[in-house]
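So this first bit is one chain, no partners, the form predicted on its own, shown in structure tokens.
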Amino acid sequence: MSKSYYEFFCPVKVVAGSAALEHIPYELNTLSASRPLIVTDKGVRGAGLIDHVLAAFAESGMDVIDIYDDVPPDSSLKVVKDIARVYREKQCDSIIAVGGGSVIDTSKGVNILVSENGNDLSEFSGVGVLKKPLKPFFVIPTTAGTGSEVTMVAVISDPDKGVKMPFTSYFLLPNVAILDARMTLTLPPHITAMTAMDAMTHAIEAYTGMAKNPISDAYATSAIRKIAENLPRVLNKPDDADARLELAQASTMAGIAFSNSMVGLVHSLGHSLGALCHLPHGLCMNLFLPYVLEYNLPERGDVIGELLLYLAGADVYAHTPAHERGKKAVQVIRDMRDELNHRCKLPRTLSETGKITRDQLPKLAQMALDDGSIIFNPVEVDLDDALAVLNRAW
């Protein structure tokens, strides 16, 4: 599908591959920064991953000024404020986020406060509130799934009000994303699988959604192919650095794709399930993906059918009649989920999670309708439609 008008934007510099971490001091220097604060969590530090980053600075003549390693899985305004205080007290001039989605979103919030000289992050919530560039900001992902290293969005909880606050601005985009296989080599199989399916969903919804465009399509299809080919390799051989890097690159590509073409009903349902039952985002994506694709098939079968080439390869695509490719693509995804369930116990249905009861489905459906992602789903969704998808996913 071609569009008469679209926009595509991704100014993040990607430094990837062997010894990518060792380039950080040089990249900081090009931005006139020399006093970085590392933001991370206990798990990442406990796994020894920060040691790789510190070693990259060892011969540079530049020092990491401080390390904040207490970011929780579901970060909050208070955590952001605490880190901003450390940044100011230590007179830092840049931020290096080392971690997954929570660490990266938290670091984006910190960058808002220290750049705007503010104390109340809620004042900057919403779209387009920020009007000028922020402090130098680098991201080193330790999972291959969120794509947050190339997105302009952060979501941070306000526990007092019981809500998650969204922040959206091009100025939230990091200056540099560092993709180094050393940072994901120790990722356990179930998290590797969950985060890979998160990236897969980003790419598939970007490719099949209403706001797709030719450039985002290129990133999305490359990401799908890389995940389909390399996730089995990593599960078979977790220390395969080349396959780990391929998954990291796929996550970044999928992040670039969906940042420019948005996501759809899988994310609306997933956001709602995550909020209601506190389940990991990647698990929710894996759970809902085939059921939403089946819902979209009647009106989007041709586009979904194109996915078969990237999911299963040229031979399968060529030997599948055109009118059957959509269903075949969904079946390939189902087979992939079955394998992940067998190997990593990754749930495929709502009932397999053990975290939700069937009488909660109407509430979940209503929450999904209120999620902004649903606007970009290629097929319109009402309450009965959302509930029907949830019942199929039960």
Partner chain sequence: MMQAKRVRVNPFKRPYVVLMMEVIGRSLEAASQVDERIQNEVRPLPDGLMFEMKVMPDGPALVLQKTGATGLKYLGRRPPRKPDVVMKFKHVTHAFLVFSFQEATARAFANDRILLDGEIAYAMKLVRCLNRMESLILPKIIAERALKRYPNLSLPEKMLGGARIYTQVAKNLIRG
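Residue numbers count along the first chain shown, from 1. These figures come from a predicted structure and were not determined experimentally.
Not on display, but discussed next: the form predicted in complex with the partner chain.
With the partner chain left out of view, the stretch that reaches within 4.5 Å of it through heavy atoms in the model of the complex is, among 332 to 340, 59 to 67, 24 to 32, 364 to 372, 364 to 372.
Each of E7, V379 and D385 places at least one heavy atom within 4.5 Å of the partner chain in the model of the complex. Although the partner is absent here, A211 sits close enough that one of its heavy atoms falls within 4.5 Å of the partner chain in the model of the complex. By the criterion of a heavy atom within 4.5 Å, Y317 is excluded from the residues contacting the partner chain in the model of the complex. The partner chain in the model of the complex comes within 4.5 Å of no heavy atom belonging to P73. Taking the partner from elsewhere, G126 is found to have a heavy atom lying within 4.5 Å of the partner chain in the model of the complex.
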